[in-house]
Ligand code: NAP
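The chain that follows stands alone, in the form predicted on its own, written as structure tokens.
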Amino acid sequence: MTTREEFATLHGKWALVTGAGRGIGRAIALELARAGACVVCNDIDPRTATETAALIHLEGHTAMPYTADVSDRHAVQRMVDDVVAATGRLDVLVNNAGVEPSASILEMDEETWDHTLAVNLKAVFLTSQAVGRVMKAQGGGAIVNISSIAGVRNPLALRAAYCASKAGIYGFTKECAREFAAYNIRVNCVCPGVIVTPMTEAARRNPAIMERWRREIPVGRLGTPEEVARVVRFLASDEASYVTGQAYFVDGGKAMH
């Protein structure tokens, strides 16, 4: 029987995961580390970034926390420069950092819109540009962006800024994949559905919402961060060597047409 370890093709690679302090980002960082990667755990909160790195260390793998606001161009460039100075390379970038404020379009203030687009979408551009230059110089790499079914097929009520940002990631991924293909850099995105994370915690306490989700999701349950992380690991690995410009839905069938 083929073991999971035989598919762990990230040995010797360095990966940067943004928003790695909790939820899906933490699960991705752990999954990549278990697959053999050395992981830079980025988060704007130094405490959660350090916690994720510590969990990786406890399992006997290599990780380093890095605190940076990925919506800030200077902070991103400083982070990439520091990581490359310490490691010599960056083989995998996972753009996961995100926020999900709730506000109607008629009541939303400009600051909320700008902040959401900056963290969720602008940051993907900034990190892809900075890391992409490193990957081009070293001869290749893999970028995985975390979008959402909310940005592609299933918009969320009172989440216009979030939906717009995730739709932007979907479109950016495809053009980034087209441009970066010449440099042997693959770019894909993952679109999670309803996942058990801190972002969905409040909604999960509402029985009516939970019942509606169960009806809408063909497999009849919510997803886990680990299920998203396993798809990211595949796309980051050499197993996906002929996959680029694609969007993988991890949603239990919710977005099926």
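In this text, residue numbers run from 1 along the sequence as written. Remember, it's a predicted structure, so these values are computed and weren't measured experimentally.
What follows is about the form predicted together with this ligand, which we do not show.
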item: All of T9, V80 and A142 within 4.5 Å of this ligand in the model of the complex, heavy atom check; value: no
item: Partner-facing stretch of 80-88, 134-142, 176-184, 97-105, counted where any non-hydrogen atom is within 4.5 angstroms of this ligand in the model of the complex; value: 97-105
item: Contact of A68 with this ligand in the model of the complex (heavy atom, 4.5 Å); value: yes
item: is_contact(D45, this ligand) in the model of the complex, heavy atom dist at most 4.5 Å; value: yes
item: Partner proximity in the model of the complex: I56 to this ligand, non-hydrogen atom cutoff 4.5 Å; value: no
item: Heavy atom of K13 within 4.5 Å of this ligand in the model of the complex; value: no
item: I217, I195, V231, C38 - the one with a heavy atom within 4.5 Å of this ligand in the model of the complex; value: I195
item: Contact set, 11-28 vs this ligand in the model of the complex - heavy atom within 4.5 angstroms; value: G19, G21, R22, G23, I24, G25
